[in-house]
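As a starting point, one isolated chain is supplied in structure tokens, in the form predicted on its own.
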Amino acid sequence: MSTERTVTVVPEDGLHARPAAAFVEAANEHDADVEVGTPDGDLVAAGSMIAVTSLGVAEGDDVRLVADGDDADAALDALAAILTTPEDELDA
């Protein structure tokens, strides 16, 4: 069963560069298949830097996260935390 969440992006550069790197790293650290996309668009693999940055997600945009697997809830918690944290507060 998949778990889904919609999150509004806070980092001022959106899902590019440093926030995207932290996002992809977190997606790959969990035992779950995670996809990300705009609420009404196609989903891409959250563990792929090229796929994630190709979304062109900007500050204030909503993104849809869908995860499936044993660690799905933890994965969505970690990814939502990155998306809702200002870039200067990220540790990546």
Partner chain sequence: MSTERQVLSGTGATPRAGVGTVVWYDPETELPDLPADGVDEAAERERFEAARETAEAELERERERTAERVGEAEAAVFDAHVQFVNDPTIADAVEAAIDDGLPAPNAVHEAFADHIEQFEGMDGRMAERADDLRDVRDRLVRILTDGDRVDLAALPEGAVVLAERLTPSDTAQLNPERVAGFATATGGRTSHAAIFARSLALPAVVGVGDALLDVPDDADVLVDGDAGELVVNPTDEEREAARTEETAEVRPDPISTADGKAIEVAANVGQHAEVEPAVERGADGIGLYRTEFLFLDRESPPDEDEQFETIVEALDAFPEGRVVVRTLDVGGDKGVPYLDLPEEENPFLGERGIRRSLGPDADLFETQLRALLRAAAAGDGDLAVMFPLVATVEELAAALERVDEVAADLEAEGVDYARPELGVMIETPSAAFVADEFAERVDFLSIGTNDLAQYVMAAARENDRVADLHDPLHPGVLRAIHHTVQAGHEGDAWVGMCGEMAGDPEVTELLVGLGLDELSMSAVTIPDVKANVETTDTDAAADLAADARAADTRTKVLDRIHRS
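Given the structure is predicted, the values throughout are model-derived calculations rather than measurements. Numbering follows the first chain given and starts at 1.
Omitted from view is the form predicted in complex with its partner chain, to which the following refers.
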A80, heavy atom within 4.5 angstroms of its partner chain in the predicted bound form: no
Contact test in the predicted bound form: E59 vs its partner chain, heavy atoms, 4.5 Å: yes
Heavy atom of N28 within 4.5 Å of its partner chain in the predicted bound form: yes
Close approach of M49 to its partner chain in the predicted bound form, 4.5 Å, heavy atom: yes
Sequence-ordered list of residues in 14-43 near its partner chain in the predicted bound form, where near means a heavy atom within 4.5 Å: H16, A17, R18, A21, V24, E25, N28
